[in-house]
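This document starts with two versions of one protein chain, written out as C-alpha cells and named structure 1 and structure 2.
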Structure 1
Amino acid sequence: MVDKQEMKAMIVSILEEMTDPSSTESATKVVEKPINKQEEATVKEATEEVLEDITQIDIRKQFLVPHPADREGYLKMKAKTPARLGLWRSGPRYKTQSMLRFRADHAAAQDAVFSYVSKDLIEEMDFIEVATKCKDKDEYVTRPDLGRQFDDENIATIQQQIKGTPQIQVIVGDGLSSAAIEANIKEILPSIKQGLKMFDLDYDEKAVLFIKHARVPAMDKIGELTKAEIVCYLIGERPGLVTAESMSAYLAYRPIVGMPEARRTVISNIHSGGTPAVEAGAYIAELVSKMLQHKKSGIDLKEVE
C-alpha cells in the first residue's frame, strides 16, 4: 500500500505538472499550429461553395413523379399552368425540394408586400413622389381606406406639380408589390409612350406621379385633383406563390371619388411569365385611344366595342 507520505508526494507532483508554465506554452503552441495546405484548401472550397438558387427552377418543367403512366401528357398539362403539379411525395409529405421552393416563394411574396420601391429608381425615372395617409406598411395593410386618401400637404404637391388639365395622367403606385414596379416599370412606360404616338397622343413624362402606400381608388382622387380626361394607374398586384412581380394597369375616363368599380378597365398579370410589359404597354395605348374616342371606360366601354 502507498503510505501517506508517498500519497502526498504524488499529489504535489501532479499539481506541479498541471501548473507548470512550460507545459502551458506547449499546449498553446499545439492549438495555434497552422493547418496544412491540404486542410486550408478544403476549408476554402467549403466556404466558397455556392448553393443552387432553387427559385430559378422553372416549375412548368419540373416533374418529380416516378414512373408516370403518361409523362408527355403530364408535361403538356404542366406547360399550360404554373400550378404545382407533379411534385410527388415522401410518405405523406412533400419532398424536401418542393417544400423549400414553397417556402422561398412565400418569403418572396412577403418581401414584395413589406419592402419599398428604391429611392434610386424613383429618382432615375424622375417621378413626382407623393404618399397616402398611411404611415407605414403595417398601417397600409390593415387600413385600406387610408391608402386611397391624401393629406393637405400631398394634395398641395399634386396640384403644384401637375400643370393645366392633362389629357392623359400616368400614375405609378407601389401597391401590394414593390417588386412588380421595379421589375416592369422601365419597360412599360416607353412602350405606352411609343404606342400613344401611333394614335397622335402623348403624356408628360415629367408629370408622372409615384404614390407610396397606394391603393387602387387613390386614382379617383388624382382624377379629381388634376381634372385629367384619362388616368392610367400602374400598380403592384397582390403577390402569390407563382410570382411576386405581377403588375396591373387600371384605366378610367374622368374618374371621381366614389365611382363604381365597373368604370375601371383593368389589364392584370403584367410580368415576364404573363403579359410582358412591352406588350401590355402597347395594349394600354390602344385602350386609351378607345376611351378618348368613346368617352367611356370599364363596362361602358365594353358595351360600345
Structure 2
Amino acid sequence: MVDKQEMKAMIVSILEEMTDPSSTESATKVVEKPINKQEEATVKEATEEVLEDITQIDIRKQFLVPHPADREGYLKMKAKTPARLGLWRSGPRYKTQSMLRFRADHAAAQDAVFSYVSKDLIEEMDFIEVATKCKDKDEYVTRPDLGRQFDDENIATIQQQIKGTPQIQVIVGDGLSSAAIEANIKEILPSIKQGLKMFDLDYDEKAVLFIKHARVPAMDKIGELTKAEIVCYLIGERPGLVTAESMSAYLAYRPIVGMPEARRTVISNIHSGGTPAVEAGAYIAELVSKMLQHKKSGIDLKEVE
C-alpha cells in the first residue's frame, strides 16, 4: 500500500514532470541536447529581411526535377505551356514550394471573388455607386437572377444621377473579381477617353456608374434606364489561378432586358499578362465608334463588317 505521504510525493513528481521539461530528459536526452545546443547557437532576433515573394517566380521557368534525362528538352517543352510541370514531388506528394505557390494563387483568386472594391477607389474615381438586389457576396454567387436586378431606391438613384440620354454610358461592376477592377480601372478609363477623342467622341466621367454585386446582364437594365446609345461595361472575370486580375469589357448598342446574349460584344482577358488595360482601352474606343456608325453590336456588328 502506498501511504498518503508517498502518494503526495508521487503527485508532486508527476506534476513536476508534466511542467518541467528538464525532468523528462531521460528518454529523449540524446536527441534533445544537440537540438537545444543548436538553437542556442542560432537564436537570433527577427531581422528586417523579407523572404522572397514566391508569387513572383515565373512558373514556366521554375524547374525542380533533380536528375532529368534531358534538362534542356524539358525546359523547352515546359516553356510551351502555363501548366505547372516539372515541379517534382516528395514521395507521391507535392514539393513544399509548389504547394505553397498553388495555395497563394488560389488565395488570390478567392479573395478577388469575396472581397469588395475599396470605398477609396470608388470615391477617388468619383463613381456613382449603386447595387443590385443581392444583399451580400453569398447571395451574389448563388443567385445570378438577383445580380441583374435593381430595387426602386437604386433605380431612382440611377435616374436622378444620369441626366439626359448619354451617347456612351460607362459602367464598372465588381463581378467575380474585385481585384480586376482595382488593378485595371485607373488605367483603362483614361485610355478609353483618349481613344474616343480620336473619333470626336466622349463619355461623361462624372456619370460613371459603379455596380456592387454585378452580373453581366445588369447592363441591360442600365441601358433601359438611361436610354444610352452605347453601354460600355467593365466587369471582373471569374478568376483562375494564372491571374485573379482579369477584367472583361462588354459593349452593347441600346441594350434592353431580355435581349439575346449574342448582341453583346466582349473583350475578355484584360490584365497585365493578357491584353493590357491601356491597349484594351484603345480597342474599346474603336469598337464604340463602329457600333455608333452601324447602330449594331455583337454578332449583328460582325455580320456587317
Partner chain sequence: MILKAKLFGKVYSFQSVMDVMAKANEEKSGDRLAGIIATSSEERVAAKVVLAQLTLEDLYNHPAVPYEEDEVTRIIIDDINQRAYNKIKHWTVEELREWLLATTTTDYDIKQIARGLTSEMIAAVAKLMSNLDLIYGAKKLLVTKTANTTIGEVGRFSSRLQPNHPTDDIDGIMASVMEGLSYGSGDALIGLNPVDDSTESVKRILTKFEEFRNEWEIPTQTCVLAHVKTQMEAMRQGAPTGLVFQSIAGSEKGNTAFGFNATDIAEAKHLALQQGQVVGPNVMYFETGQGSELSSDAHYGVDQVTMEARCYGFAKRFDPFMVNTVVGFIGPEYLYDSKQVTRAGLEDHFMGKLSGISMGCDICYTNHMKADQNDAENLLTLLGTAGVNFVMGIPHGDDVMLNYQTTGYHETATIREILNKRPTREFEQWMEKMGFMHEGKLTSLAGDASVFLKK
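For numbering, take structure 1's sequence and count from 1. Bear in mind the structure is a predicted one, so any value in this text is a computation, not a measurement. Heads up, when I say rigid core I mean the largest set of C-alphas that superpose within 1.5 Å between the two forms.
- Shown first, as structure 1, is the form predicted on its own.
- Two rigid parts of the chain rotate against each other between the two structures, and of Thr165, Pro82, Glu182, Asp105 the one at the hinge is Asp105.
- Domain motion between the two structures: the smaller of two rigid parts turns 13° against the larger, based on C-alpha superpositions.
- On the core-superposed pair, the CA position of Trp88 changes by 3.0 Å between the two structures.
- Relative to the superposed core, Lys78 has its Cα moved 4.5 Å between the two structures.
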